Structures are given as C-alpha cells and as structure tokens.
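Single chain ahead, by itself, as structure tokens, in the form predicted alone.
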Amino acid sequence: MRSHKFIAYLYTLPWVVTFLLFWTFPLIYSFLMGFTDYQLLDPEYNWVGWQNYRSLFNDPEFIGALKNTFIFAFGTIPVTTVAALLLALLVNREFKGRGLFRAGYFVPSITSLVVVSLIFCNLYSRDGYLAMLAQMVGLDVPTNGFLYDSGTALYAIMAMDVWMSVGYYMLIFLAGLKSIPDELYEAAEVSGASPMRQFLSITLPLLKPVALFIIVINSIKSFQVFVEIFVMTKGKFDTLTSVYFIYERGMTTRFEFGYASAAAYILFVIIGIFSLAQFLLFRQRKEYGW
C-alpha cells in the first residue's frame, strides 16, 4: 500500500513542481517587488514600502486607466449577459436552421482575438463599412474613424467585445436551460401559468448558478482586457486600461517592475472584491419559492 501511495505522489510531482515554480514563486516574488523601486536597467534597488501604492493612487494616468477599466467592465458585462440569455432562449426553441444559427453566433468566440481586432480596425476606419452605414442613417462619424477619436474609441472596442463574447456565454446558458426538467414547465402549464410567469418563476431561479458563473468569469475577463487595446489603439485615445498600464510601465521602455507589480496587485484586489461581491449578491438559496 505504501509503495502505491509513493507512486501516486511521484506522478503528481511534475504538476507540483510546475505549480510552485511558475505560479507560486512569481506570485510571491512580484508581491515583494511591489515594495521596491526595482527597474530592469538599474541593478541597484531599494525597499520603498508602500510608496509605490501611494504614488499609484496619485498618478492621473493610473486613475484614468482604472476608470476606463470600470467603464469597460460595467458597460460590457450586463449587455453580454442579457444578450446571451435572450439568444439562448431563442435557440432553445425548435425552428428551421437552428443549428446554423447557433454555429453562426459561436464562431466569433473561437476566432483569434487578434484576427477579430484587426478586422474591426478596418470596419471602424474612416472609410470602413460601419462608418458608411452610420452615414447612411444620418449619424455623425468621427473624422478619423471610430478608433482614432477619444469619444468613441473605448465604446467601439466594447461593442466588439460584446459581439465576440456573446456566443460563448449563449452556449453556457443553453446548457443550463437543457438541465431544467420539462416536468416543471408541464406542471406550470397545468396550473395556468403564462410563459412570462414560467420564465420568472422557473427559468430565472434555476439559471441563477449559471448566471453567477457567467458574470464572474466575464468580470475577470473584462478587468483583464488587454489584447484588444494592444492591437487596436495601443492605449491611445482614452482607451488605456489597467492591464495595458501595467504592461506599458513594466514591459516597454520604462521597465519599472516594482511600480508595475504594485499596480498589478491593486488590480488583483479589485477583481477579488468584485468577484466576492457577486458571490454574495447571487448567493444560491437552498429552497426555491415559486
């Protein structure tokens, strides 16, 4: 028996070593680095305590990046969640071409984010199709295109993110809908409940855990938005977000690893608080009151 346990521990050793080396060690090291003024090009560094954190909260660039990150998260999460739920309800019904409809909405979710961003760069350009459509319906179009104007750039990226993400979350909602027993709807119909009453009293309560899962993972993704910003605007035109700020301070010409590490941990705490609040808000009760 002991030899079997030893072999079992031996099999888990590669995972444990990988976890400690590439996850735990960087996590602790970057936390400690946040209390130093370490810069890659300067071998000398000092322990500065909370100075980096105090400087960050007085840094207009970082405050602006946080503001843009919150706008991105609070602007995309509700729209994506509601749109995904409505689409899931739609494709859960029987109609001709349902499979093609499902696939059409899911394809953007499995397409490379870089490729989608480059496509939307063309669509959002001054001579792009979206500008042409906007002009056809009488809407004002920025002179240099949607991505080169501070008033529209961030919202244009948010619209692309919603379009790309909604298919993935639609499938998760669809799996949740399939798990609801048909007997509940049959009993509700016998009782004379309207479709809206069935939706409010059966569908929504039973989809609560699924909705919580979607909102949490979508929140984490939204607070970590980076690729779209990197490809489409490089943080210009008021689209600088927290992760791009960290990248710019830590990995470009500045190489301020200590400052960037402190910013990363502030973002880590914000995501943790936001996720915990969602768990408390959507806490599942053991009984249902329909």
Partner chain sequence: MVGRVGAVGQTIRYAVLGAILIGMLFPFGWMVRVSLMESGSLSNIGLFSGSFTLENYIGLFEQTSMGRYFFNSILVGLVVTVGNLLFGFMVAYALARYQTLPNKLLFFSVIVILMIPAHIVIIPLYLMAVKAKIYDSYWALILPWVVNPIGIFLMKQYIESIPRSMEEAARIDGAGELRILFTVVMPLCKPAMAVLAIQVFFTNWNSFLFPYILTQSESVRTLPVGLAMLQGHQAIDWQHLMAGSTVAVLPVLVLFIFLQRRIVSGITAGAIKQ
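Numbering follows the first chain given and starts at 1. In this text, the rigid core denotes the largest set of C-alpha atoms whose superposition between the two forms falls within 1.5 Å. These figures come from a predicted structure and were not determined experimentally.
Missing here is the form predicted in complex with the partner chain; even so, the following discussion is about that form.
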Exercise for the section: Would you confirm whether the three residues Phe74, Pro78 and Thr152 all fall within 4.5 Å of the partner chain in the model of the complex, going by non-hydrogen atoms? Expected result: no
Practice task
Identify which of Val82, Val190, Met136, Val114 has a heavy atom within 4.5 Å of the partner chain in the model of the complex; exactly one of them does.
Solution key: Val114
Exercise for the section: Taking 4.5 Å between heavy atoms as the contact cutoff, choose which of Arg254, Lys221, Lys67, Lys236 touches the partner chain in the model of the complex. Expected result: Lys221
Practice task
Evaluate Phe62 for contact with the partner chain in the model of the complex, applying a 4.5 angstroms cut-off between non-hydrogen atoms, and reply yes or no.
Solution key: no
Exercise for the section: Indicate whether the partner chain has at least one heavy atom within 4.5 Å of a heavy atom of Leu56 in the model of the complex. Expected result: no
Handout entry: is_contact(Ser261, the partner chain) in the model of the complex, heavy atom dist at most 4.5 Å
Key = yes
Practice task
Decide whether Tyr38 counts as a contact residue for the partner chain in the model of the complex under a heavy atom distance cut-off of 4.5 Å.
Solution key: yes
Problem - Residues within 4.5 Å of the partner chain in the model of the complex, restricted to 114-139 and counted by heavy atom - result: Val114, Val115, Leu118, Ile119, Phe120, Cys121, Asn122, Leu123, Tyr129
Handout entry: Flag for Leu276, CA shift 2 Å or larger between this form and the one not shown after aligning core
Key = yes
Exercise for the section: Could you tell me whether the Cα atom of Tyr129 shifts by at least 2 Å between this form and the one not shown after core superposition? Expected result: no
Exercise for the section: Determine, after fitting the two forms on their core, whether Phe74 shows a C-alpha shift of 2 Å or more between this form and the one not shown. Expected result: no
